[in-house]
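Here you get one chain, nothing else, as structure tokens; it is the form predicted alone.
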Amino acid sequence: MRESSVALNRFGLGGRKGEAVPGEPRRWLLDQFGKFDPRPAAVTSLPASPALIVQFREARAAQRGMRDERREAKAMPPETPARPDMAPELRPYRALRDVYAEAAAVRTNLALTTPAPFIERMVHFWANHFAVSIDKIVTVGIAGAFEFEAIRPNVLGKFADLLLAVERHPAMLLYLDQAQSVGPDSVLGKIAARRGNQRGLNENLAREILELHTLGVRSGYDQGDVTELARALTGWTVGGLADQPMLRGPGPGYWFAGIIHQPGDRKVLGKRYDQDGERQGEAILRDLAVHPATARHIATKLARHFAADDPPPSLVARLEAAFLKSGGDLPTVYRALIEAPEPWAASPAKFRTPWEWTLATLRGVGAPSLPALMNANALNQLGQPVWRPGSPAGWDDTAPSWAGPDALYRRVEVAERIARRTAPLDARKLAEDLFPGALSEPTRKALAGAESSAQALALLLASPEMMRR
């Protein structure tokens, strides 16, 4: 029974009230490969990235218009008052914030009711690996579309296809300023130079591809490789946003703008690439996707996520071998993870992040959706708002980042709030269902001694079992 608890909590997103405990944990996990829906109705009903790019462009134009009005108002004679109904500068972006909130709710609600919680966890893992953040205004409305369009459809495919989908998505191109990168010797670069308006490379995307998305730090690449990759990626941009007609593209969304691509061969990690245009960057990314350093980097992150903050070397080696042998086939790597002994260790080794704990608590009480028991602001209070990590490195995946006294106190407060709003239930029976064969005696005694069903439920939601996985 203890392995059932591991499958539910370490591989999945936590047991769900009313659902049967998996009798064959490994088979239960493998069966989810066929149950995962990459494009459920809740996702397809949301606006796609082209519509969101248009919406952002309109909001930006409105913001510029407001700035012009303010400048005119300041230039007016003193006896002429400025318009009293002038909106704050960021008001045009409110609709995009509403889009963000709706997409975040869809993400949460899918996780609460999915028949494939292990694969849903992998979606969250990859979205954090390829992190974008709504801290940048241009990313606010499109962060959800990034996960729904680039991550979900490729979570059960090849890593190379996932990588290419991510790096070509408008959200990533805008978040890491790739849309502003111009080859100095490109057609547009030369025109700009003649006019005294020097346009140049932006290396942000290239650097994060090498450091975070593929090879990892201290893996043998150098600044020259970053620059060469940045040159190869010039032209990968977002249509529908640029003020210059020649850069608007055929429509809103990803497009390759040859007019800003840096011509010439590239040399990355000692290999020369002589492809033309867009194919040059794609060829480099496909090689990076199956590089041994990438295999080790991905294997280490997976081992850390599923086994321990200090990744077991034996598990890293197993996952690395599966990655390399299969050419980066993600289901093959997931199967190796399920078959490995290390993630099935009896003692919970991972401290749940606020996102993981929120899902586990809501699934545990059978909440059908996020607004049923708590609002999205709770994730802000807990310190992990959706799609808002502090850097392109994503949220940290180790206990020290989440297990401080203040953070634990906030979880207790939220647990009590959920318990008060939940219909009375038998927390003792629920605990046995959520943690089959893994409930500790101290927790069992604490639940038995509770003065009310609400207190018992709050104790369960704030218990060591619920805090760890």
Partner chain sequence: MIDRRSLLARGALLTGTLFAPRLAFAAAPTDRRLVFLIQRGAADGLATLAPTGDPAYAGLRGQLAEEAGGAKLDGLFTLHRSLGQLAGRYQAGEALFVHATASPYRDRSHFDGQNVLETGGRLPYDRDDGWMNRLISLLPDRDAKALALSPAIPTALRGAATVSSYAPTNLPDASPEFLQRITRLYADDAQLHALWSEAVQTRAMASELASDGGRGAAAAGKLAASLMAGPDGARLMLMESGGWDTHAGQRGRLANQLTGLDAMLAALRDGLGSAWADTLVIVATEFGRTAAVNGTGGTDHGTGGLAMLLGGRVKGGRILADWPGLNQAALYEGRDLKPTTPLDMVLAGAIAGHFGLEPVLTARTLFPGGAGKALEGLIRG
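Positions refer to the first chain, counted from 1. What you see is a predicted model; the values in this text were computed from it and never measured.
There is another form of this protein, the form predicted together with the partner chain, and it is not shown here; the text below is about that form.
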| item | value |
| --- | --- |
| Selected contact from R27, K35, R39, R421, since only one has a non-hydrogen atom within 4.5 angstroms of the partner chain in the model of the complex | R421 |
| Candidate spot E413, A446 and A458, all three touching the partner chain in the model of the complex (heavy atom, 4.5 Å) | yes |
| Partner-proximal stretch of 27-35, 59-67, 43-51, 437-445 relative to the partner chain in the model of the complex, 4.5 angstroms, heavy atom | 437-445 |
| Contact flag, A450 vs the partner chain in the model of the complex, heavy atom cut 4.5 Å | yes |
| Exercise: S4 in contact with the partner chain in the model of the complex, heavy atom 4.5 Å | no |
| Any non-hydrogen atom of Y254 within 4.5 angstroms of the partner chain in the model of the complex | no |
| Proximity of F351 to the partner chain in the model of the complex, heavy atoms at 4.5 Å | yes |
| Contact set, 402-416 vs the partner chain in the model of the complex - heavy atom within 4.5 angstroms | A403, G404, P405, D406, L408, Y409, R410, V412, E413, E416 |
